[in-house]
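A lone chain, given as structure tokens: the form predicted on its own.
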């Protein structure tokens, strides 16, 4: 079972997946970032598929096809998003249907989108958390695999709350990915082999 990881940032989520001993074959990034160094230190191949446009001229479908090609070169069975900054188009969900996992810093279906932590604070909720789910074409809308609550404390800022959520993510996400991969393995789970 081979995992392809998508990352854009400092790589703390990726590092938790690597430290858990998950079988990551490649890390695909959309920009130069800290995640590349984490992958390189772990001896994991890195593919940089740079997103050069952030305006209405961005061709999401063509860009996604490049990401799919990079993952496919490493024959991955499962894709995990580890703080990836680009929403991808249909081809990744077609190629790895039901096999793209994501972690989100809120208790979905509440607070979808990029500003989940700030939105939770603005709403005045007393509890938020993190969700591991199957990614679909609709952002933050796929089936939920695991969730864990994180209390909102008096005086919390976006930064302090997000850091406590990340601490939970770094534990919950690797554990959930491991269980998902083990379930596929038990079913003989290479793509197209389900039920054999």
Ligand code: GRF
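Numbering follows the first chain given and starts at 1. All of these numbers come straight from a predicted model, not from anything done at the bench.
Keep in mind that the form predicted in complex with the ligand is not shown, yet the notes after this line are about it.
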{"item": "Contact label in the model of the complex: residue 11 to the ligand, heavy atom within 4.5 Å", "value": "yes"}
{"item": "Residue 166 within 4.5 Å of the ligand in the model of the complex, heavy atoms", "value": "yes"}
{"item": "Exercise: residue 162 in contact with the ligand in the model of the complex, heavy atom 4.5 Å", "value": "yes"}
{"item": "4.5 Å heavy atom contact, residue 95 to the ligand in the model of the complex", "value": "no"}
{"item": "Partner-proximal stretch of 166 to 174, 23 to 31, 145 to 153, 56 to 64 relative to the ligand in the model of the complex, 4.5 angstroms, heavy atom", "value": "166 to 174"}
{"item": "Those residues of 96 to 120 which, in the model of the complex, come within 4.5 Å of the ligand by heavy atom", "value": "103, 104, 105"}
